[in-house]
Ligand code: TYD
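Take a look at this single chain in C-alpha cells; it is the form predicted alone.
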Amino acid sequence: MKYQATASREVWDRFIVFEGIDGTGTTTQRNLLSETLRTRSIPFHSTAEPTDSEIGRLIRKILAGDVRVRPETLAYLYATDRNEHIFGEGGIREHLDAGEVVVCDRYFFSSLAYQGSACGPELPERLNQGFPLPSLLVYFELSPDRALSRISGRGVPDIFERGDFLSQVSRAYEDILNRCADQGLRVIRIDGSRTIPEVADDIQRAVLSAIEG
C-alpha cells in the first residue's frame, strides 16, 4: 500500500469512500462497483460503516430508535467502531496491505456531517482526527427533498431521516468537502438524481481511473 503524508493525515492509496446524505444511493452503487471490479478480476474488499461488529450493531439499533443515547455517546461509538474497522484484525489496513482495493460506504466524513450536526462539530472532529484519508472520495449530490422521497418507500426511517436535519447535514458536507480540497485526496461529485446506470457509469470511470491510472 502506498502512503502519502499530508499536513495532518495520511492518504491511503486504493482506498475509496462513498459519501452522501441518506437516500442518495451509496449502497446500491457500492454493490454495482463490486460487480465491475469482480468482472475485471481486480482484488477488492467491499465494506461499510457502521460495521457488522457488536459495536456496529449497537449503532444500528440506536439509529433505528430501539436504543436511546445522547448524541455525544453515538459519536464515541462511531469512532470506536471505525478504529477497529481500520486497524483491527481483518480491517481496512490489512486488506490494503494485501494489495486489494477497498470500497467503503461511509467513513469519518459521515461522522463529521451527521454527529457534527447533532452534537456540535468539536467532539466528532477530535474523535476522528487520527484516521487516514482515502485516495478517492465519491460524494453523491442529491437534494434533501428528493432523498426523503426515496427513503419514504423503504420502511420506517431512522432517527436522522428528517428533512430539516438532512438539510443541515447537506450543508455540513459542503463545508467538509471544501476543507478536503487541500488535503491530498481526490473528490468526485456525482449527481445522484440521475438513473442508477448513469451514476454507475460515472463511478466506474472515476474508480478505474484512480486505481489503474
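Keep in mind that this is a model prediction, so the values were computed, not measured. All residue numbers refer to positions in the sequence shown, first residue = 1.
Below: the form predicted together with the named molecule, not depicted.
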Checklist entry - Looking at Asn178, Thr39, Thr27, Ser152, which is the one with a non-hydrogen atom within 4.5 Å of the named molecule in the predicted bound form? => result Thr27
Next on the checklist: Quick check for you: of 140 to 148, 65 to 73, 42 to 50, 180 to 188, which stretch puts a non-hydrogen atom within 4.5 Å of the named molecule in the predicted bound form?
Outcome noted: 42 to 50
Checklist entry - Even though the named molecule is not shown here, does Ser111 get within 4.5 Å of it in the predicted bound form, heavy atoms only? => result yes
Checklist entry - Do Arg106 and the named molecule share at least one heavy atom pair within 4.5 Å in the predicted bound form? => result yes
Checklist entry - Taking 4.5 angstroms as the cut-off for heavy atoms, does Arg162 touch the named molecule in the predicted bound form? => result no
